[in-house]
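What follows is a single chain, given as structure tokens, in the form predicted on its own.
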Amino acid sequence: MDQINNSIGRRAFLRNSSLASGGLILGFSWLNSCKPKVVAAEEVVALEMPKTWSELNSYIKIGDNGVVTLIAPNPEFGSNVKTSLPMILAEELDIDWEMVIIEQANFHPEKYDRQFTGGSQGIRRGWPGLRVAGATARQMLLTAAAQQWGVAISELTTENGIVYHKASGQEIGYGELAVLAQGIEVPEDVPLKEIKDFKIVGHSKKNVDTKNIVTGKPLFAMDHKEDGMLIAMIAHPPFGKKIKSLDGSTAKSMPGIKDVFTITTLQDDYERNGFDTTTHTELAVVVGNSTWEVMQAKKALQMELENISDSEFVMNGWGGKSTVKVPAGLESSENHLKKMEEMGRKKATVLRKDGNPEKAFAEADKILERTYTAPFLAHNCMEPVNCFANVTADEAVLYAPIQAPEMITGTIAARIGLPAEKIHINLSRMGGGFGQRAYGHHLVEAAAISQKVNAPIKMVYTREDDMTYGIYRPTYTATYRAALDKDNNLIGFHVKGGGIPEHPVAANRFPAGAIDNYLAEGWALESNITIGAFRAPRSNFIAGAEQAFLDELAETMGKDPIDFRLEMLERAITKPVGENNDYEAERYAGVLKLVREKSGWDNSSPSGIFKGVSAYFCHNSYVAQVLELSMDGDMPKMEKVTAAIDCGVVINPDFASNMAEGGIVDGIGNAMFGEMSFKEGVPDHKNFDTYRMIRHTEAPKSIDVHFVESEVDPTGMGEPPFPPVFGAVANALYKATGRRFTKQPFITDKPPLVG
């Protein structure tokens, strides 16, 4: 076993260790990367609960009958952390998985250091802390048994929640030992299992919420109801405009309507945090008895609008304070493209420079250049944006789908005038997130509305509200250039990327570090259209552009696309350029080699089948994909995707495969169809009748996922499989049509798909 010093963890344990309900409760600090998980009691078949069961946040609880509960502080939105994280704890604790119960905690900053789900960080951050938590509990139980029997700890073993002394034939369950362990000092050092000895981690377990989901048990904020609860809906102006006046007299006279008014959610001088992202800070509100009545009344609102003026606000984000400028004007997608083309011809900010790229391009025998573009994208979570709020003079109680509750509490407090400790956010399961639910404007709105009407309310967005409100994936462009000498050797590489209102360039990622003369530049344009995190931010565009360009470059150089990538990675392994390369070239090459083998890349394809390859590193994980498609007239049919993934130790293989499959299908859909466009500040798409999503028949017929066997600490899976598939689609389409695809969505990249 590995030995790990538990000095930090020990302080956390000492701070929180206590005896309750007849069992040992071991607390651990979330700041130390401990991430919990959640299970329902019904999932444990024939499991008898302790007579007294206390719900304590941020604790491992061992009941007097050996039942173990982990209270999960982090919200679940489909990444299956509620199942996978407890598997880590149960592994090190060495307990029967059937004896583990998981309970979802509500937001409680005094007891949790990090209640955030996002960035593919759940497993990565939870891994070390949960291992220590489980191993420390096990060590204390072993100490109690050794004292009870008068033997050395080294003579004891554990299995499935029982301590054994094989020499004497004695055994005792964790439940009995929990009482005896009350006075034992938390150990300074604890042994961790060898990964090769894992019995739970690395083996698939069922989603602990599945039964509740399929049987319709309340899990979501939309399920929450209280006596006297009213329904609220909002209406907002287009981007670039604001409400001048509201006539709600007709709406207010309609059946079931209680009130019509406007609210301001953020004051102009409010210093925002990184997730206080919203354009529409003044809204029209309709409150009534039922959803249908409120929807009908909302249609009768008469809003007089006026243009906004140039403005700015202070944001205290991850990089410190900055001033965000919001320009006036009614923006249109056509003008966006023109402005981006203009910016692409101007000087940009140098993000990284190796060697002398200017000289390389000046002396090049041949220069390959290609520009790629992608539109704004809407998140389109299947669960509508919603929030229950009941604000009184003494407290505010909210039920909400939210990824980052700690980031919105201060905003709510400032808006409704209550101290943060009086704001209670109950965390519900989310019906999708994709980054959108990191932004908590809907909680602020619901709280302000409840305070205004002095009643509990449930605020619900229609699909049109959601799709036109903002927090989109930015629109991006990137121009790639490659300099070749007379022998077709690559002597220079240049990427210049920009967007509205941010650029997508990751300057220190591959192929940086593999080319002597390398230049990366970035630029951005200000906008009043709100953007935010979207599954694999920035990577979701730049990966596809980069990988499409590398394929074209390989063809120009007369090389196989995988061979070409591996040659560059070999250079990055043996003689890397620069010191800030943020990827491990060996692992990057490893997924390419694995996907080559598993996809049969070197084998001839059946007639009418065309392959495209892509590989990318983001969120600490490496993914390579080979996509196979055929053509049905002028439309591609996705036949198969083979994926090779290095995400370190795989906690739950089925879940990891599920995340890869979902990311691949989502990526294909956005590459082919996803687009949000604007005309005079008004989104062109307001519902799924015009905003094109991938359909069942358009998904690949099969997805084959393979994981690199590894003992490296686990990393992310929610986002890494998403970005590379954009490039795989583009490269396979080229093989099928003879035409390079550079403009997303590909379905609108004219001329028609047939070359």
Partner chain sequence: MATFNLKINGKESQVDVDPSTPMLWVLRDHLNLVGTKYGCGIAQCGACTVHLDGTATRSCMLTVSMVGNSEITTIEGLSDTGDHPVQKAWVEVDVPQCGYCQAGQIMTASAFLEKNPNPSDEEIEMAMNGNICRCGTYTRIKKAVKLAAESKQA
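Numbering follows the first chain given and starts at 1. These numbers come from a predicted model, not from an experiment.
The discussion below concerns the form predicted in complex with its partner chain, not included here.
> May I ask whether Met382, Phe534 and Lys701 each come within 4.5 Å of its partner chain in the predicted bound form, counting any non-hydrogen atom?
Judged in the predicted bound form, Met382, Phe534 and Lys701 all sit within 4.5 Å of its partner chain.
> So in the predicted bound form, is its partner chain close enough to Ile694 to count as touching (4.5 Å, heavy atoms)?
Answer yes; at least one heavy atom of Ile694 falls within 4.5 Å of its partner chain in the predicted bound form.
> Hey, in the predicted bound form, does Tyr518 get a heavy atom within 4.5 angstroms of its partner chain?
Answer no; every heavy atom of Tyr518 is more than 4.5 Å from its partner chain in the predicted bound form.
> Any of the heavy atoms of Arg370 lying within 4.5 Å of its partner chain in the predicted bound form?
Result no; Arg370 lies far from its partner chain in the predicted bound form.
> Is there a heavy atom of Asp689 lying 4.5 Å or less from a heavy atom of its partner chain in the predicted bound form?
Yes, Asp689 sits close enough to its partner chain in the predicted bound form that at least one of its heavy atoms falls within 4.5 Å.
> If contact means any heavy atom within 4.5 Å, which of 239-247, 620-628, 549-557, 651-659 contacts its partner chain in the predicted bound form?
Partner-contacting stretch among the options: 651-659.
> Considering its partner chain in the predicted bound form, which of Ala297, Met430, Ala360, Met87 comes within 4.5 Å of it through any heavy atom?
By the 4.5 Å heavy-atom cutoff, the listed residue in contact is Met430.
> Tell me, out of Lys258, Arg596, Arg463, Arg114, which residue has a non-hydrogen atom within 4.5 angstroms of its partner chain in the predicted bound form.
Selected option: Arg463.
> Could you list which residues of 200-215 come within 4.5 Å of its partner chain in the predicted bound form, counting heavy atoms only?
Stretch hits, in order: Lys205, Lys206, Asn207, Thr210, Lys211, Ile213, Val214, Thr215.
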